[in-house]
Each structure stands twice: as structure tokens, then as C-alpha cells.
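A single chain comes next, written as C-alpha cells; it is the form predicted on its own.
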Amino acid sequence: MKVWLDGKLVDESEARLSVFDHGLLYGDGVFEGLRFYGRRVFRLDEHVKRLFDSARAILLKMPWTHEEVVGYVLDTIRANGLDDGYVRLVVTRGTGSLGLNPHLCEKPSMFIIASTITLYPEECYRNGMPVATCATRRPAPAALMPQVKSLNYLNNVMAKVEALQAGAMEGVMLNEQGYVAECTGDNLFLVKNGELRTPPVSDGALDGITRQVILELAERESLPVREASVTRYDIYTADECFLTGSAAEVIPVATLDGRKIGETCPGPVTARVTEIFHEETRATGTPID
């Protein structure tokens, strides 16, 4: 595998960062995950823009332009000869001292990985997956802005551990007010009486790229959709529920906390959303060649 690291494509075994890198020492950095299908990168510009927005929000000055980063992503995919797969794009604060001061880091580091990914078993896409509510809460916006995709993911990791220990594949994370924010790595949608509903970003949800695609496609298909606060009760009594994410794509939820959701899984709306999402990913995107 070839990895893009600070201006060079190197073998995976040669891709190294300093132990003094603040991304490693303090989780000080940002990242993006994106997919490519049939040698087209899906929503590449949107992902790169969000990367720059995340960096700007934490006062991490990017020494590359938007256009350069787009080119580096395409170069990495080409170097690995992949038609379909996943890209992880990571920017760290860079090498500094053994202290929190980010101003002592001379320049950021960036690496790009292009590989394949299987986030959940195929069976979960066919029959839905079990999800559990986590005790670990989503960080409050005053503590860590939910729109920043930072490298500090320990909160999500511990919530994921809770879900796995409960026998689930994914965990629902609540905010401090008890409303559903999102899952540990995915956004959440429910369906009630034919209407799609998803938590607003003000409740702590990441404004996911795939989430935005689903909102766009729903409008195009004249599917009623709204952003509104969601409780666990709303999910328990929903007709359908599904999760979205760049890696997960669209995946139906069969149960929450052992409670069956709806009569069939996936339900008709989830099945239709999945179909039009797959059509969109195969028909659009930035060409790799």
C-alpha cells in the first residue's frame, strides 16, 4: 500500500510520524473519511471543505490549498490502483514539545490512506442491526464543537465499547439534555408515518456529508423530511430507523435496547432511500482518472 505523507507517496512500512507529534500526544488534529465508487470520489469537494473548516475552527493553519488536497487524494487512490474503496485523510498539528502549546508546533503533518473498508457485516445491511443506548454522552458544544471532526475520539470509542458490551453493533449517544445526538460513528434517521426525521446539528449531531445527501435525495424524491429533536421513545415507536455515514453508507436498525423497531427491517422507506443513495454514489463524483 502507498500512503501520501507530507508531500510524498511512500510504502506503508515507511509512513512514520514523530512521537512528538501533537496528533498522537494530544489528539490535536482533524480528519475526514470518504468513499470512492467506480473510480469516482463521492462528494470529494464537500469533504475537503469540511476538513478545512474543522482545521480553521481549531486554529490549525493549513499550508495546502483546497485544490492541492483534492489532487493529493486522487494521487493516493491512483497509486494504489483501486476502483472502489475508502480514503482516510488526517491532518495533525505537527511535531512540537511535551506540552499543550500548539504554537510550538512548526507545521502540520498530513497523511492520506486509500484502502478498502467493511464497517459492518453484510447481514446487517440485509436484516438490520442491533443498536444500544450508551451512558457516555456526546460532548456539549461548549466543551467540543460537534462540527469539528477532531482526532480526539476517545468519547466515541468508549461509547462504542459500551454498545459492543451490550451485544449491539452501534451505540446511540445522547446529549446532556437527554435528546439523541447521533451514534458513535453515524448519523441517525427515523421514519414515522412516512416522514423522515433526524436530530438537528444543534442537538450535538455532526452535520454528516451522507446525512446531507439523504436530506437532498429525500427532497428530490418528495419524501417528507425534517430536522427535529429525537428521544429514545421516538425511536422505540418509529416505523423504521436507519443510520448513515461515509463508511457505513445507509444501514437499517432492527432493534434499540432490545426493542424491535417497526414490522419489517429494512422498511419500505429505508429500502427506497438505500436504493436512491446507491444510484447517486454510482452516478456522481470526482473522476480519479
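The first residue of the shown sequence is 1; numbering continues from there. Remember, predicted model here, so these are calculated numbers, not experimental data.
This protein has a second form, the form predicted together with a small molecule, left out of what is shown; the following refers to that one.
Joint contact, 28, 91 and 108 to the small molecule in the predicted bound form, by non-hydrogen atom at 4.5 Å
Result no, not one residue of the spot touches the small molecule.
Which residue among 198, 210, 175, 95 has a heavy atom within 4.5 angstroms of the small molecule in the predicted bound form?
None of the others qualify; the residue that does is 210.
Does residue 160 make contact with the small molecule in the predicted bound form, using a 4.5 Å heavy atom cut-off?
Outside the cut-off, so no.
Examine residue 156 and determine whether its closest non-hydrogen atom to the small molecule in the predicted bound form is within 4.5 angstroms.
Yes.
Would residue 54 show up as a contact with the small molecule in the predicted bound form if we use heavy atoms at 4.5 Å?
Output for residue 54 is no: heavy atoms all beyond 4.5 Å of the small molecule.
Evaluate residue 43 for contact with the small molecule in the predicted bound form, applying a 4.5 angstroms cut-off between non-hydrogen atoms, and reply yes or no.
Judged by the heavy-atom cut-off of 4.5 Å, residue 43 is well away from the small molecule in the predicted bound form.
Considering the small molecule in the predicted bound form, find the one stretch among 221-229, 260-268, 244-252, 66-74 with heavy atoms no farther than 4.5 Å from it.
Only one stretch passes the 4.5 Å heavy-atom test: 244-252.
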